[in-house]
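Given as structure tokens, the chain that follows is alone and in the form predicted alone.
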């Protein structure tokens, strides 16, 4: 039996998403038959101390406070970017230029033009890319898409999507990189998940009517003063899909009390689906085929029948978790690097989401329906 080739990972950033990516790599290596043996090679962060501590905690062999050295290291095969949004473009373009496969958290870039430059650079160089949309890796979303495509809901008439959290609800909270116009706003930060889910389930969105609102006009700057906030706290849009369906989405980071509400509802002529990330091992299905007096939404629990749930647990209803979705994302990406499958959600797909975000923002400013480029 031949040994698997090694795939050496260089991670930039060790915050919430950096840690989630490490868990994803660790779990994927235990759960899936990966084409590679994963090696956590080098971690980069803002200071030598921060990088060294995170490398030690996460199991990386080396650390650095200079991400450019990490990108230039000839031993590293994959650059994994979990740095602040505004830095994604520079880091990714450098990684691509160095011939590295590049894994980047969403949003891919502040502007669609930036995302296009990144996608075209990767395609020209022939490297494999992945954007972090791990909610799409949920087996229950795969089931929902199969049910829709298989006609179980009939003709799709309507869609509602929502991603709401409250991590920016406190007006005394400081100005952060997420408030930077170069890479922030609720629609880009979490509304992008709602848009990605909508297209994953129903296909391309062709027209939008946006309404993006700043509710907290300034925040403490950490220096005794305040800084004006120009990005949206709530981003909403009405949608028209290529398949004739219509609907809406919302991204909201000031939704008091909500920690992870990534929900959707789909309405068809023969049935409907309802889902919430707060109970993401369940999908609720209503069928008009049920007899009168017996109709209602019934719960479908995640089970080994819904691949790849069975790789994590042999028993139905025992549930998988957030970091397991990252492991599924990692496994799909490594299969793409090895040539065993297409890229699950590459930079070209990330460009599509950023184009939607930008078109919704423009629609909100111009107060009219716009076609998606």
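Positions refer to the first chain, counted from 1. If you're wondering where the values come from, they're calculated on a predicted model, not measured in any experiment.
There is another form of this protein, the form predicted together with a further copy of the same chain, and it is not shown here; the text below is about that form.
Chemist: With a further copy of the same chain left out of view, choose which of 99, 222, 244, 151 has a non-hydrogen atom within 4.5 angstroms of it in the model of the complex.
Modeler: Flagged contact: 244.
Chemist: So a further copy of the same chain isn't shown here. In the model of the complex, which residue out of 111, 87, 171, 72 has a non-hydrogen atom within 4.5 Å of it?
Modeler: It is 171.
Chemist: 73-81, 125-133, 197-205, 272-280: which one contacts a further copy of the same chain in the model of the complex at 4.5 Å, heavy atom to heavy atom?
Modeler: Selected stretch: 272-280.
Chemist: Give a yes or no for residue 237: in the model of the complex, does one of its heavy atoms lie within 4.5 Å of a heavy atom belonging to a further copy of the same chain?
Modeler: So residue 237 counts as contacting a further copy of the same chain.
Chemist: Looking at the partner-bound form in the model of the complex, is residue 116 within 4.5 Å of a further copy of the same chain by any heavy atom?
Modeler: Because no heavy atom of residue 116 falls inside 4.5 Å of a further copy of the same chain in the model of the complex, the answer is no.
Chemist: Any of the heavy atoms of residue 40 lying within 4.5 Å of a further copy of the same chain in the model of the complex?
Modeler: So residue 40 counts as contacting a further copy of the same chain.
Chemist: Given that a further copy of the same chain is not shown alongside this chain, does residue 57 nevertheless sit within 4.5 Å of it in the model of the complex, heavy atom to heavy atom?
Modeler: Contact check for residue 57: yes, within 4.5 Å of a further copy of the same chain in the model of the complex.
Chemist: Pick out the residues of 9-37 whose heavy atoms come within 4.5 Å of a further copy of the same chain in the model of the complex.
Modeler: Stretch hits, in order: 16, 19, 22, 23, 26, 27, 29, 30, 31.
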